[in-house]
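Just one chain is shown here, as structure tokens, and it is the form predicted on its own.
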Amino acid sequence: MQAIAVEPGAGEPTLVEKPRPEPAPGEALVRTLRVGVDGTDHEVIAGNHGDLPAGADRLVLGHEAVGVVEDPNGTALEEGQHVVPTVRRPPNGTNEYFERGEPDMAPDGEYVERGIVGAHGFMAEYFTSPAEYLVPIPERLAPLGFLVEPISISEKAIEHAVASRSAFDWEPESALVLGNGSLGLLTLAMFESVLELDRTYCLGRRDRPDPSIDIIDELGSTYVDSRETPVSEISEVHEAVDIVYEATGYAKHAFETIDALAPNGVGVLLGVPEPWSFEIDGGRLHQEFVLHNKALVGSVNSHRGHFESAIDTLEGLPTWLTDDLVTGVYGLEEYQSAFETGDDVVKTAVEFASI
């Protein structure tokens, strides 16, 4: 079978031939339909993130997948059933985090991640997976099933942000998304529909005309150009917000978020920055936390329940949004196009089999 793999740091994914996998007991064989491409894939390609499986010289990419069950192999799944795979797996049998159904809370060394850290991904014509990590999705949603994984990331992030404010009566009205990539735009839509916030903002570094800014406008949100209004000044230029969602991986944003928050607000951090030393006024930021009941929460990955919620969220997204968000779906003969970046690119995917 054909697969898309990379030697981390080589800078370019390649098409390779691999044997079709055979499912072990408790696993199903899945025929891959589509796999999304995101910033993490580009970080792995560049060698800035991720790790090879033991004994491998290349990593099969892809962690945002949708497929159809080819062989249930005695599991409770059915042949022809459409599924979305979760990403984390236990490295050696199992551990307490997986037994509790909380793989997203496992620390380093207690998990591998398909297509990212220590395990091959889903950018292949077929893959196998234990049935408990395959989440059924309605056939009508299968063409967009590769959006379930990124939506699940935000499902968890929002859940944890809200939970951090659950000790008191908290009724958020406004939110700021840092980053106008596909994850930020999906989260912006979720803030509009799931939390029913009155006012939302999205920060980026692009000039009009731009497809991502068009989506922000259509969602009724306010676009903030960080070159004109940095995060630390948003509370003065616009307003202090109740929730900040950081998806840039820009280290200063974690600290600038504190200034952007309203009293009792919460910032949730998802970006993974490179090491970077810089000066901050730690005393002043400490005061902001204490005197205004602010909070910062880190969030990474998601579990099956978040995937299930993400499927419900995906079904509720307007058609115009997903049409504008997905700017390219490419077959294997032109897979390189799915990894191209540019101002006209928002979200891409590789198609392994027609839907």
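A quick note: this is a predicted structure, and the numbers were derived from the prediction, not measured. Residue indices: 1-based, along the sequence shown.
Just so it is clear, the following notes concern the form predicted in complex with a further copy of the same chain, a form of the same protein that is not shown.
Heavy atoms within 4.5 Å of a further copy of the same chain in the predicted bound form belong, among the stretches 166-174, 120-128, 233-241, 210-218, to residues of 166-174. None of the heavy atoms of Asn92 is located within 4.5 Å of a further copy of the same chain in the predicted bound form. Proximity of Glu102 to a further copy of the same chain in the predicted bound form falls within the 4.5 Å heavy atom cutoff. When contacts are judged by a 4.5 Å heavy atom cut-off, Gly271 counts as touching a further copy of the same chain in the predicted bound form.
a further copy of the same chain is not shown here, and in the predicted bound form it never comes within 4.5 Å of any heavy atom of Arg34. Of the residues given (Glu132, Asp198, Glu79, Asp281), Asp281 alone sits with a heavy atom within 4.5 Å of a further copy of the same chain in the predicted bound form.
For the options Asn293, Thr322, Ser309, Thr327, the residue carrying a heavy atom within 4.5 angstroms of a further copy of the same chain in the predicted bound form is Asn293.
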